[in-house]
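First comes one chain, alone, set out as structure tokens in the form predicted on its own.
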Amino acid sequence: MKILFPIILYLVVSLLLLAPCALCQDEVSGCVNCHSELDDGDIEAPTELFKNDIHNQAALGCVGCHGGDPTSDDEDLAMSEATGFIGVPDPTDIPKICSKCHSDPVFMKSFDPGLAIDQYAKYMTSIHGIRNSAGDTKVAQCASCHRAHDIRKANDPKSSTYAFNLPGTCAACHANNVYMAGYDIATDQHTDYERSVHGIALLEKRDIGAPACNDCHGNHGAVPPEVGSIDKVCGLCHANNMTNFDQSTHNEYFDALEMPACETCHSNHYVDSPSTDILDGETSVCAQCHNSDESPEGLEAADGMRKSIDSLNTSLTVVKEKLDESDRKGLFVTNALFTWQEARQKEFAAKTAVHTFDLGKVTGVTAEGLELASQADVAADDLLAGYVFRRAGLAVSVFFLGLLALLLWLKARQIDARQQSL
């Protein structure tokens, strides 16, 4: 009896521990058993997609969203009104259904304590949430972005909200002319984004740190940035540019004219790779407001900033070619390259200083860069001159050594000839 008691106790405890998991599995399998036969192995079918769903991995079944009784063998009873079965949720109900769990801090803590529980509150402040609550079934709700039966963590590369996939997720609606008909919204955002400096960095260069749609518009609380907040949105990444602009005289004028800060010069979805062409020339954005008759000083400052930065860029290009040549010749270019890189940083700083719209500040930075570029240029010239000197010295040495070898050979022949004549 003493031996059986621990065994019985172990079995009872094991059954108690396994009971919740068994119930969870019944909750899932009860629905899946029937629907898997209907889906017949279709990889796009709900039962197949749900295998990789984060809710399935957490043993959360179909009932939470669809209602019903998965433990009943009676199909009519399992999907009856009495069991709370709702079938396919109406799009206007989906946010409320998801929020039952995702807005409950006690419930969510047992699954992912770090997951935010304010998604529903934010969603209701978004244009999507406002229109959804008003009965618009076409606007995005939870399943539109996260999918219905294949919901994965955002850091899963196969997730619809993973950084590389997110623009395509938004474009599913926003790039569809037919679907967006009736809304006063353009449908070229994704096309513009793809060829922008941000889109190329994210989608082509696979830079996961590059901004996608949600970085500027928000996630659950997605709204177009207002005129007065665009610089703050861009400033999340481009902090120095924002600070310079906020302290410039243009900030006051832009506010008075109700013009968006960054977007006025750089556009929004199609942000081109910035160059000095933006300051002066045929594609100058400065000329959109400044003209030679009413505000020539503005164009003169823009022209001065462009020439200053271009001059530094030209010097850096020339020096880099010399350093590359020195490196190919096997010379020690590390110290000179460090100086060149410092000068390169000054070029970046000068482009940032453009947002002060102060010619003196820009030329001050480029002057520092030109000085560093000059130092690197001198070092590169010394390296190449030393290389030429050593090559010339080697050639002279080889010549005299060859001459000496020839004289020794002739002397040896002369000695040979004398010995043979004796």
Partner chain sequence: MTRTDSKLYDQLNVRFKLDALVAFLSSKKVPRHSHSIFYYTGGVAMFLFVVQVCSGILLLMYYKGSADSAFESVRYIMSEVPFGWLIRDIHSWSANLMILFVFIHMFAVFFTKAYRFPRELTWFSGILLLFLSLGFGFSGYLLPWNELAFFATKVGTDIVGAVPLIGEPLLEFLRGSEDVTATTLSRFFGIHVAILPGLFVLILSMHLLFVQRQGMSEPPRWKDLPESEKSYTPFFPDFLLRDFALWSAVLAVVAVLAVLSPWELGLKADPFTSAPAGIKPEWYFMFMFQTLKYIPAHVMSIEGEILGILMFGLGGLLWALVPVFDRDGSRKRWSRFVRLVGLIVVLYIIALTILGYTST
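Residue numbers count along the first chain shown, from 1. Heads up, when I say rigid core I mean the largest set of C-alphas that superpose within 1.5 Å between the two forms. As the structure is a prediction and not an experimental result, all values here were calculated from the model.
Not pictured, yet referred to below: the form predicted together with its partner chain.
Undergrad: In the predicted bound form, which of the listed residues (Phe111, Phe332, Phe348, Tyr253) lies with a heavy atom within 4.5 Å of its partner chain?
TA: None of the other options qualify; the answer is Phe332.
Undergrad: Counting only non-hydrogen atoms, choose the one of 56 to 64, 366 to 374, 388 to 396, 31 to 39 that falls within 4.5 Å of its partner chain in the predicted bound form.
TA: Of the options given, it is 388 to 396.
Undergrad: Give a yes/no on whether Ser421 approaches its partner chain to within 4.5 Å in the predicted bound form, heavy atoms considered.
TA: No, Ser421 stays farther than 4.5 Å from its partner chain in the predicted bound form.
Undergrad: Would you check, heavy atoms only and a 4.5 Å threshold, whether Phe338 touches its partner chain in the predicted bound form?
TA: Yes, contact at 4.5 Å.
Undergrad: Taking its partner chain in the predicted bound form, which residues along 397 to 416 bring a heavy atom to within 4.5 Å of it?
TA: Val398, Leu401, Leu404, Ala405, Leu408, Trp409, Lys411, Ala412, Arg413, Ile415, Asp416 sit within 4.5 Å of the partner.
Undergrad: Align both forms on the core first, then report whether Asn335 has a C-alpha shift of 2 Å or more between this form and the one not shown.
TA: Superposed on the core, Asn335 moves its C-alpha 2 Å or more between this form and the one not shown.
Undergrad: Superposed on the rigid core, does the Cα of Tyr387 end up 2 angstroms or more away between this form and the one not shown?
TA: Shift of 2 Å or more: yes.
Undergrad: Quick check: Val396 between this form and the one not shown - does its CA shift reach 2 Å or more after fitting the rigid core?
TA: Indeed, Val396 is displaced by 2 Å or more.
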